[in-house]
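A lone chain, given as structure tokens: the form predicted on its own.
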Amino acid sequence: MKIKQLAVLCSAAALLVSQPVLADINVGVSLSSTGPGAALGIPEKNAIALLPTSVGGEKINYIVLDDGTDPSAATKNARKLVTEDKVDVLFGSSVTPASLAMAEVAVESQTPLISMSPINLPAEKNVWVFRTPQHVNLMASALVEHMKLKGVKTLGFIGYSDAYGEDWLVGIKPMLDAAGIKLTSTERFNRTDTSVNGQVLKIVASRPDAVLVVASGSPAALPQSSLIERGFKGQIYQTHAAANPGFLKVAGKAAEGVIMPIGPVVVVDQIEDSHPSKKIGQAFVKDYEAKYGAGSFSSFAAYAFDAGLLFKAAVPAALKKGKPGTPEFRKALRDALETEKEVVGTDGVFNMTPTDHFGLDARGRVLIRVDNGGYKLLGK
């Protein structure tokens, strides 16, 4: 009898051993929740707290670090997350320089990265990196179309003296040339600058019909306010990186009338009911403001939330090919991010391909005007 019981116990133990045991899925997040990029990183960090804690029955752990808007810190964080925490995917960062730093670690370690910054990379480094913000060219083309419609012939440019400013200048210049719009002045400034009076004086002296400001968050208010103070009367355009409460608060009345391209979630109640992102966008904004307060929502929160949605859509396929914590799972996750189709996010519909790791089309952008301290959809 005892022998029979022992045999049953041994059989049960063998059965348990033979069952696959999946480890938790670890997500490493590095954001600029302090420093000049805090207006971007704080809402992104807030959004991470609203992401699902399980997918396909597997527990998801989010390990969130602050890079202080410092590329060196972003590199250090990414290395820690990959080597010590053994994460399966990286999210981050909030600003272009820090995201570029994380991309180096992602490629080196062959860990998929979903960036909340629209970074550009050469093909060989692009393999492991995906983005949730709209590609600069997608947003720039919307602005140039508006400029043509309004008869703009000359444009002044002031932007960050880093990769974000350069990406915009390189992207929009051919479009301006094709539209017959001449750049009268090209000026740069640093994210931490407290004055751009010299640059703005040069722009105003060049007498452009309009000015494009390429900056993000509250620092984008500096050239905006300076242009108004110097009496500039033409149209001022900003990029989607300026669409947040920090910019509106710091710029105040100087922001009135500015036009910018943004993701549809920012004006989700104003877009057509037929838009595929309307339902999920409204639900996210409601949940976000229920947790963090009325009027607290920012477009940057949506970039982080959409990173979670892309990740969630890719996990089931990846689990079929590898266990969390293994190179096989990371590779399968990368492949799934690249091949999943019609993934509906709060800011549009994602269709990644081997040559396009942004994945958003015209459904991922709208043009708005700042009106009475808020955003008004153009055409409304």
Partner chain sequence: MDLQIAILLGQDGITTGAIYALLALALVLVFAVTRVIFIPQGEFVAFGALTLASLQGGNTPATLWLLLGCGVAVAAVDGLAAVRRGDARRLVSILGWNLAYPLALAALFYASQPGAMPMLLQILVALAIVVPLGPMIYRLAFQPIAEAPVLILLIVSVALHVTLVGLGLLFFGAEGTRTPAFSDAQFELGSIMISGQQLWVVGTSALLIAVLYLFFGRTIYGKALRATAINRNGARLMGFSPVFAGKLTFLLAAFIGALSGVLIAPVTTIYYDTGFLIGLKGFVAAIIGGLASYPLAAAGALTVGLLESFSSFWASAYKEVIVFTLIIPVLLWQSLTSHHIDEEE
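Model, not experiment: these values are computed from the prediction. Residue numbers count along the first chain shown, from 1.
One more form of this protein exists, namely the form predicted in complex with its partner chain; it is left out here, but the text below deals with it.
When contacts are judged by a 4.5 Å heavy atom cut-off, residue 177 does not count as touching its partner chain in the model of the complex. Interface membership of residue 121, defined by any non-hydrogen atom within 4.5 Å of its partner chain in the model of the complex, is ruled out. The closest non-hydrogen atom of residue 34 lies within 4.5 Å of its partner chain in the model of the complex. Interface residue remark: residue 290 is not counted as part of the site for its partner chain in the model of the complex, having no heavy atom within 4.5 Å.
This chain is drawn without its partner chain; in the model of the complex, the residue among 42, 336, 51, 65 with a heavy atom within 4.5 Å of it is 42. For the candidate set 86, 182, 76, 202, a heavy atom within 4.5 Å of its partner chain in the model of the complex is found for exactly one residue, namely 202. Residues of just one listed stretch (211 to 219, 135 to 143, 107 to 115, 301 to 309) have heavy atoms within 4.5 Å of its partner chain in the model of the complex: 211 to 219.
Residues of 242 to 267 lying near its partner chain in the model of the complex, listed in sequence order, are 244, 246, 249, 250, the criterion being any heavy atom within 4.5 Å.
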